[in-house]
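Just one chain is shown here, as structure tokens, and it is the form predicted on its own.
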Amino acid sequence: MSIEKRLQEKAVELLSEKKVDVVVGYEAGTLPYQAAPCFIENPDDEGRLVLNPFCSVNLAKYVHDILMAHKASQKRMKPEQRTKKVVGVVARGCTTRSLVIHLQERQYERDQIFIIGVPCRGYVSKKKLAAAAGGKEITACAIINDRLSFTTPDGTKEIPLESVLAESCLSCRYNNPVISDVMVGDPAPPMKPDSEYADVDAFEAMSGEERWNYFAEEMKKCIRCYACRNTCPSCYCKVCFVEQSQPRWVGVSVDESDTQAFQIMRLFHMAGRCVDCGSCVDVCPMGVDLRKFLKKLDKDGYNLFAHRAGEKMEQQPPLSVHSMDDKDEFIYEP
């Protein structure tokens, strides 16, 4: 039985037995190379669920939004009338890490989610696939074993699947769930985690001026559409700092310094919280190299505090705890 069929059967079971109120998963999108988030509430709709390398979105974002919306709807109700909503979610490795962060930050309780763990062998980068197609419209797309076949007006072409996988997937060390209530499918083979910080190492080898110039040039691409913020499962402030007026942190302008301030503040907001799911890079319409800066923070978090975001429930984020074993003795100086 295919993993997709087993996933559909599990969804039917959970919904029929009222163990969950909704299953958040993926369904076929309107484009042949893209899957879309779906929300299954009726067991008869289980056939909509798919699982393939076109499933790119980190679904933890939707779990959080559903539970927060339900919590808000309960505020004006009498305590005895309030209900608990349970969300089932199809979760690969990076999704489960985001869920761990939500739980650590007390966004909801563990019994409010049912985690259907699935193995992941990487998802297709739309930007890489577009480049492979020479910018031509892709009218059909299929995956056969380790090959990807796509059709454009120029004809059909077949390429290695690995050549179009997202960069975050190629060096992923968590392509299997770190936490789950049930596991569907056999564990995925390891990727190439030894190359996880290759880009960061090259970036660190630059001088301070070169690093700043690289950052400044990348930020010139940013149009502040906030797609990176809107898709990030760790961005859930009720009012984002960019929309605050008292005080106003960032101006509403096209000034380069405002764009830089937005990105710097958001990047540092992700310190100890970014799971390298690649969602922000995937949705950026301008191709800003956000991952390099996020991975730099991730590397520092590991080297300084032996911490990897969302790896373990019992391991708290580095900026929320204090340890006498932390590196850099200057911390204790007057």
Partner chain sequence: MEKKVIKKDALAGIVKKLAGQMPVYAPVQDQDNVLFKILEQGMEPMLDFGNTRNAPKNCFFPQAETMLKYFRTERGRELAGVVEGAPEAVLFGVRPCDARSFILLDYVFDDPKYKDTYYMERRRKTAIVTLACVHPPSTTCFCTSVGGHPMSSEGADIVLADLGDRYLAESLTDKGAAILKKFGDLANADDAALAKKKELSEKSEKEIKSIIPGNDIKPWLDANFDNPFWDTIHKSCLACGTCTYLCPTCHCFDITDEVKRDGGRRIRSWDSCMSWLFTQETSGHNPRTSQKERWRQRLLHKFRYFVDNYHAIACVGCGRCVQYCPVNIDIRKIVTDISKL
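Residue numbers count along the first chain shown, from 1. These numbers were taken from a predicted model, which means no experiment stands behind them.
Below, we refer to the form predicted in complex with the partner chain, which is not included among the displayed structures.
I'd like to know if E167 sits close to the partner chain in the model of the complex, meaning any non-hydrogen atom pair within 4.5 angstroms. No, E167 stays farther than 4.5 Å from the partner chain in the model of the complex.
Any of the heavy atoms of K126 lying within 4.5 Å of the partner chain in the model of the complex? Contact check for K126: yes, within 4.5 Å of the partner chain in the model of the complex.
Evaluate G47 for contact with the partner chain in the model of the complex, applying a 4.5 angstroms cut-off between non-hydrogen atoms, and reply yes or no. Heavy-atom contact with the partner chain at 4.5 Å: absent for G47.
T231 near the partner chain in the model of the complex, any heavy atom under 4.5 Å? Contact with the partner chain, yes.
Which listed residue (R82, K71, R248, R173) meets the criterion of a heavy atom within 4.5 Å of the partner chain in the model of the complex? Exactly one residue meets the criterion: R248.
Which one, I223, M206, A216, I143, lies within 4.5 Å of the partner chain in the model of the complex by heavy atoms? Contact with the partner chain in the model of the complex is made by I223 alone.
Which of these stretches, 260-268, 188-196, 97-105, 135-143, has heavy atoms within 4.5 Å of the partner chain in the model of the complex? Among the listed stretches, the partner-contacting one is 135-143.
Can you list, in sequence order, the residues from 93-120 that come within 4.5 Å of the partner chain in the model of the complex, counting heavy atoms only? Stretch hits: zero.
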